[in-house]
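Given as structure tokens, the chain that follows is alone and in the form predicted on its own.
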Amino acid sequence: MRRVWDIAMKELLQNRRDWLAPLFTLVLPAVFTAFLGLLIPSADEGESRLPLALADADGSPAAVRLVEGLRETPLLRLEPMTASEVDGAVQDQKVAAALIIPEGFGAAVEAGQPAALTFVGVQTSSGAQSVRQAVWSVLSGFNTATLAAKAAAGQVAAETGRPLDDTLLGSARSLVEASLAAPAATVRVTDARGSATLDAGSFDQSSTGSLVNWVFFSLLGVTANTVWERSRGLLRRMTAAGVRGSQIIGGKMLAMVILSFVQQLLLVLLGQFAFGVDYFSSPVALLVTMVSISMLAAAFGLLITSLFRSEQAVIATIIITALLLAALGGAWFPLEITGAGFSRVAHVLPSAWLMDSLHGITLQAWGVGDILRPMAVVWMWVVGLLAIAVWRFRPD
């Protein structure tokens, strides 16, 4: 064990002397975390709603009820405007669409006459079409409540001889709205996967993605040095001096694990205190995930040094591997914005499961029990990669 530790310390000392190490370990990850965090839109509720310009030229009780119904729609964010401003707002794409409630709307509704609203939107815009469907849904409920209230009030008036006035209509409308608020049948929507990444945005995505994206770059020094030692016969001399191959592998891997873990720790602290990412909601689950990331990176690094003999090939393979795992595993963008097929293929890779775990910890306060499944997949990769790397590793 002493020789394993000595080899690891030698690798760490050589890595510290390399001026490029801090650049790939902290500087570039921090810069890209900040850049992508500012580039990715925030996932808060206000930003997820589509803006609808609303011009209410009527102000009647019926118009107020309609506006309240629109405001309670999860898809819409109302932007009050005047009728003269809505065309410019839609054309300048400040809003997804606009709705004008004309003067006399309430009077027409109360009189049972047709009351037309004006919807302004670009027909080829998917956002405008979504807003139109939401508005139509609210209008359908509004029409249902209005017609039901009139029918109920009319029946009461006919059977009791009471005049059909505003008081009776108001009472009937209250009863109808209360009944519609508690329908006999409802739909409960749940997420089939229970994924936390649906809410990931801004620094929640960029910070966690950096942990997975940049962890391989911290191994460049150790892997390149291993190839250099092999090419000059230094590894063969170590074995001739009595150092076993398992000790060489253990020392190299321990150095990779330490380097990658220190890099993660720095990025976690940066994300927690500089960008407001809630990493410490479950410290134990975070520690297990970080150790798993370090072990996976070390296993990949050891395998690459076992397969390739030139420094250029090792460095190029590590960079390509890091970029592919990050891009396909959801480190650059949430997998929820991709198709279902892409997401299924991505979850063949360990990086997708690591992103699920990190998002679960930072967004939904996942505990150790919640990350067992994704970590099981990651460790299957670790064991498989290590087995191949140990089998292929040669000192010469």
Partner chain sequence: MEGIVVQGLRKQFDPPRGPVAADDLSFDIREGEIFSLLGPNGAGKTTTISMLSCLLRPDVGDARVGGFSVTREPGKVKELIGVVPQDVALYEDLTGRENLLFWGRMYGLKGPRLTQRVDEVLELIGLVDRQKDRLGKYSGGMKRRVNIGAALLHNPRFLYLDEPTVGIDPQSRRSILDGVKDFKAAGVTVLYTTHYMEEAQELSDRIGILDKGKMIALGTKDELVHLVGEHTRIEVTLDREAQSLAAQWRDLPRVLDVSEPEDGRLWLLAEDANTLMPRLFEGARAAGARITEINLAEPNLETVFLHLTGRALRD
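Residue numbers count along the first chain shown, from 1. On a predicted model such as this, the values are computed, not experimentally measured, just so you know.
A second form of this protein, the form predicted together with its partner chain, is not displayed here; the remarks below concern that form.
With the partner removed from view, the residue among 291, 139, 266, 240 that has a non-hydrogen atom within 4.5 Å of its partner chain in the predicted bound form turns out to be 240. For the options 280, 119, 273, 228, the residue carrying a heavy atom within 4.5 angstroms of its partner chain in the predicted bound form is 228. Within 4.5 Å of its partner chain in the predicted bound form, a heavy atom is found for every one of 3, 14 and 17. Listed stretches are 203 to 211, 319 to 327, 253 to 261, 230 to 238; the contact stretch with its partner chain in the predicted bound form is 230 to 238, by a heavy atom cutoff of 4.5 Å. At the 4.5 Å threshold, heavy atoms of residue 7 reach its partner chain in the predicted bound form. Residues of 259 to 290 are not found to place any heavy atom within 4.5 Å of its partner chain in the predicted bound form.
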